[in-house]
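The chain that follows stands alone, in the form predicted on its own, written as C-alpha cells.
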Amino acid sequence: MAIQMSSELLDGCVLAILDKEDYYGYALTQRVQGTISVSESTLYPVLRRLKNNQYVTTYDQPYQGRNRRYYQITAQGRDKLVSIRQDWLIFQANVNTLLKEK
C-alpha cells in the first residue's frame, strides 16, 4: 500500500529538486519518480500550480530541433521551500511520535 502524498509536500519535493538545478519537465518527472511513486500526469499540474504561484519560472532552450521548457525556482519559491521544510519537520516528528511502538 502506498501512502498518499499531499500537494504541499509534493510541491516541496519539486522545489527542493529545482533548488539544486533547473530541469526540463520530463527530466524532472524522472528525477521525482526515481525516489517516490508519482505519475507523470500528476507532476505537470504541480508545475503549473508552482508557476501560477510564482514559485518557479520557465524558459525554453532548443534541443535537437525542438524546445525544452525548463523550470527554475524563484526567490519566492525558495521562501516557500523553507516554509515547507519547517512544516515537514514538525509533521514528521508528530507522526513518528504516533507510530512509535510501545
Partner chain sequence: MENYLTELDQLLNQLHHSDKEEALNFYREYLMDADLITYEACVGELGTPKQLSRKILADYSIKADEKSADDTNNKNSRSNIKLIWWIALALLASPLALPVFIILVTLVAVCFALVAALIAIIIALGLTGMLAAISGVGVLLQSTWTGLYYIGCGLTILGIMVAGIPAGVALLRWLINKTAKFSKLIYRRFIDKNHVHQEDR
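Positions refer to the first chain, counted from 1. Remember, predicted model here, so these are calculated numbers, not experimental data.
Heads up, the form predicted in complex with its partner chain isn't pictured, but that's what we're talking about next.
Among residues of the shown chain, Ile17 is not one whose heavy atoms approach its partner chain to within 4.5 Å in the predicted bound form.
With a 4.5 Å cutoff on heavy atoms, Leu98 does not count as touching its partner chain in the predicted bound form; it lies far away.
Proximity of Thr42 to its partner chain in the predicted bound form: non-hydrogen atoms within 4.5 Å are present. Its partner chain is not shown here, and in the predicted bound form it never comes within 4.5 Å of any heavy atom of Thr74. Annotation for 19 to 55: interface residues with its partner chain in the predicted bound form are Tyr24, Gly25, Tyr26, Thr29, Thr35, Ile36, Ser37, Val38, Ser39, Glu40, Ser41, Thr42, Tyr44, Pro45, Leu47, Arg48, Arg49 [heavy atom within 4.5 Å].
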